[in-house]
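There is one chain below, alone, in structure tokens, taken in the form predicted on its own.
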């Protein structure tokens, strides 16, 4: 079983990545093969609304989304992490979400029934909106939501001080493995 963690933070090594890697470490410790994909330093353009994917089943824009698409299609479970920017997901997370619109027109429906989880890092507020956005994405692709984790930390690295957030991230990784092994939430 393979679990892909996607960090949609523009900042490398930040709180989102810390939470996401904690979830992946717990999944790996419980028998999963894990892979981390960070958006930072990558180019993923927003959807341009051309609708070419409706006939081709794939997006015409050539950038780093092709690499991420392959990884998403190959994974059994996907955990998406984002910091909260202005009470919601980052623009990078939204670009990834929008670019998967082409998946809907693929005969394989590649995300259907994959395990899904969300990791959100924030300083003060906005976790509800960010979780709702990610859960709507998962639901739209008919994925199985196994949980989420929320970590508080404003400055880079301070999420490690949020014991509850770090514990919930590890719990998400374990829950995803359990679901993938048993089919039970």
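Predicted, not measured: the structure shown is a model, and the values here were computed from it. Residue numbers count along the first chain shown, from 1.
The discussion below concerns the form predicted together with a small molecule, not included here.
Of the candidate stretches 123-131, 29-37, 47-55, 66-74, only 123-131 has residues with heavy atoms within 4.5 Å of the small molecule in the model of the complex. The small molecule is not drawn, but in the model of the complex it has a heavy atom within 4.5 Å of residue 11. Put simply, residue 105 is far from the small molecule in the model of the complex: not one heavy atom of it is within 4.5 Å. Residue contact with the small molecule in the model of the complex: residue 15 places a heavy atom within 4.5 Å of it.
Looking at residue 84, you'd find a heavy atom of it within 4.5 angstroms of the small molecule in the model of the complex.
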